[in-house]
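Only one chain is included here, represented as structure tokens and corresponding to the form predicted on its own.
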């Protein structure tokens, strides 16, 4: 039986109806601040420099993204981007302190964040340094120095096979060599397997920090308008959270045995290492493209030794439970093949911006694996009341091995 509605309840309902706006009212409340903000933005963009009481010359910024050398015909091609606040116009091109005729597409006037390709018919000399300077209509000069001029690789069968071979030699083969330790690892006792997990954690921490350091170094060459530090944070956090979500999905899909959890962790390690190796391939491909042939060969040697330990890290979580050969093969490909893709990208279309993003994503993936391994080691710490000496030695050993092998690729 319904209770009678008193005058107080009727007044409350009436007040509620008066304070709760209709749907059009709610939409208006949402759109009103946005409309006001839009008017303010339009005013600032329309007025521009005239907002200031003192009229100063515009500040211009031009960033060189890529400089290409061609031999047939002999020319230098520079891809530039306007990273300043206002449009700018390229007025002259200077090479080796001399003015040269040039063509520019799509237009000499480059809008904010717009790109242009500047082509100069110039008899450049292989192996010698060359400087390219663009002079804007307002007199600003922007220069790019190439230490050793070499013909830029084009996408063809010869160079594709060359960079593929480097990727296999640096990334794929060393990882599989590390996987060959799997039978030996299976014969170890539990104490030494725990030490191996700690070794893996130390190794991955080094890889993650190293990738972050490289990303921030490259960020110094990226135009400030792209917020390089923010991109590093975004790429690192994004890949970390994505892999955390994937890991939780597998854990919630059903009860899992220790062997299946180890297999998932090994795949995550292979994924993190693969993303990191993508950055290594970028560095090698770019070194050859930029004419640093000696540095490229040195990187090949160093990364080959450096990456052998990565195969050991992949098989550490499954050493106790074992894994089928197909899983080992697939994990080796996941970790090693991205080196080939990185060498292609670095050799044919290197970009500081994309290199920064790849390295940041790789760092985030590696840190996610460190997080997963850390939970395992903390669980053992809770069970035993402290890490054993072999585990502590393994953690320190992971740092030490990666540091010593990293010396081979330090520039």
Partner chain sequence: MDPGKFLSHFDYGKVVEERPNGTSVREYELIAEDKEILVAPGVYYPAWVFNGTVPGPTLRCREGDLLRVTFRNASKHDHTIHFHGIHPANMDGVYEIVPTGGSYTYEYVAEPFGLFLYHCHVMPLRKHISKGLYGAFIVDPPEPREAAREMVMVMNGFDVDFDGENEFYTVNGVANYYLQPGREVKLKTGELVRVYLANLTEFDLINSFHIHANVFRLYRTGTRLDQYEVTDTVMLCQGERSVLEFSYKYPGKYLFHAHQSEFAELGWSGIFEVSAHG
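Positions refer to the first chain, counted from 1. Predicted model, so just to flag it, every value in this text is computed and none were measured.
What follows is about the form predicted in complex with the partner chain, which we do not show.
- Heavy atoms within 4.5 Å of the partner chain in the predicted complex are found in exactly one of 122 to 130, 196 to 204, 181 to 189, 226 to 234, that being 122 to 130.
- Checking 96, 89, 304, 79 against the partner chain in the predicted complex, a heavy atom within 4.5 Å turns up for just one residue: 96.
- Checked against the partner chain in the predicted complex, the candidates 162, 100, 142, 169 yield a single residue with a heavy atom inside 4.5 Å, and that residue is 100.
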